[in-house]
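The chain that follows stands alone, in the form predicted on its own, written as C-alpha cells.
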C-alpha cells in the first residue's frame, strides 16, 4: 500500500506582522486578528516560487531518506507560477537534477498541494517514488490591488512530501479529490488582474466540502471521527478552521494551526502544516491523521493516513 516517506517545508525569512499591514491599510490591528486570526505572514523578496519549492523538496527528500535520482515523478501544485509555461515543476526538476521522469504542474490555488499529494498516491504505483509539492508567492497577487479583504490573508511558502509505492512511516489508507466548476468565478485570478473572491460563498462551501471530505474518507475506511488523532487542514482562515472542528465535534488540540504565523499560503498550506506536525512527532506510531484542503475551482481533496 502506498505511503508517505517524509515531509518538508520552506518559508521566506521576511516577516510581515498584522501591525505593519494595519498601518498600510489604515485599519486597527485588532480588526485583522478578529477577521482572520493571522498575526504574521511571510512574504518573499528575492525568493522565487521555484526557490521555495526546491527548499521544501530537498527537505522532504532528506526526511524520506531519498536522493533526487530516486524519484519517479514530480507533481507541483501552485496558483502563482512565475511564467505561463513550462510549469514550475520543469525548473524544479532541472535544479534537482533528475531528468527523464514525468514532471508537471497542478494549476490550482489552495487545493493544489493536496491534489498533487493525491495524484502522487496513484502515480507512484507505476513510476516509483513521487515528489508532491505545493508552492506559492501570493504576496505578488495581493499587492496588485492592495485591499484589506485579501491583503491580510496571504503569505508565501512551499511544502512537500514524498510518496512511495512501498511501506513507509505513513501508510495511505484512503484518498479523494473532486471539483465543481459551477463556483469557478467565486475564487479566481485573471491574467495580470486582481484576486477575485466571494468570501461568503468560499467560506460556506469550504466548510461543507471539508466536513464532507472527512466524513467520506472515514466511512470508506470504516473509521470514526473520534479515532483520528490529527486533522491537518488547509490554513485558510482561523474562523473557518474553528467552524469545521465544531461541526465535526473535534477537539481544538487535534487541529494544528500554522495560519497565525504564516498566513494562508494557498496550495502550500496543508503540506507546510503537515511538515511541522511531522517534525513535532505528532504522527506517532499507530495514530491516524487526516489531511484535507479546499480551493479554487472549486476543488477539494483529502487523505487518511496511519503512522507505522
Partner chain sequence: MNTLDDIRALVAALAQAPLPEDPEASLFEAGVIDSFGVMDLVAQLEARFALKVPDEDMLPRKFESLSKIAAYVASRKA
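Positions refer to the first chain, counted from 1. Being a predicted model, the structure only gives us computed values, none of them experimental.
Unshown form predicted together with its partner chain; subsequent notes refer to it.
- Taking the partner from elsewhere, residue 50 is found to have every heavy atom lying beyond 4.5 Å of its partner chain in the model of the complex.
- Taking the partner from the other structure, its partner chain in the model of the complex has no heavy atom within 4.5 Å of any heavy atom of residue 176.
- Interface residue remark: residue 125 is not counted as part of the site for its partner chain in the model of the complex, having no heavy atom within 4.5 Å.
- Though the partner is left out of this view, residue 209 does reach within 4.5 Å of its partner chain in the model of the complex, counting heavy atoms only.
- Screening 201, 225, 143, 82 for any heavy atom within 4.5 Å of its partner chain in the model of the complex leaves a single hit, 201.
- Of the residues given (237, 164, 139, 150), 237 alone sits with a heavy atom within 4.5 Å of its partner chain in the model of the complex.
- Taking the partner from elsewhere, every residue among 183, 243 and 246 has a non-hydrogen atom within 4.5 angstroms of its partner chain in the model of the complex.
- Residues of just one listed stretch (89-97, 201-209, 153-161, 217-225) have heavy atoms within 4.5 Å of its partner chain in the model of the complex: 201-209.
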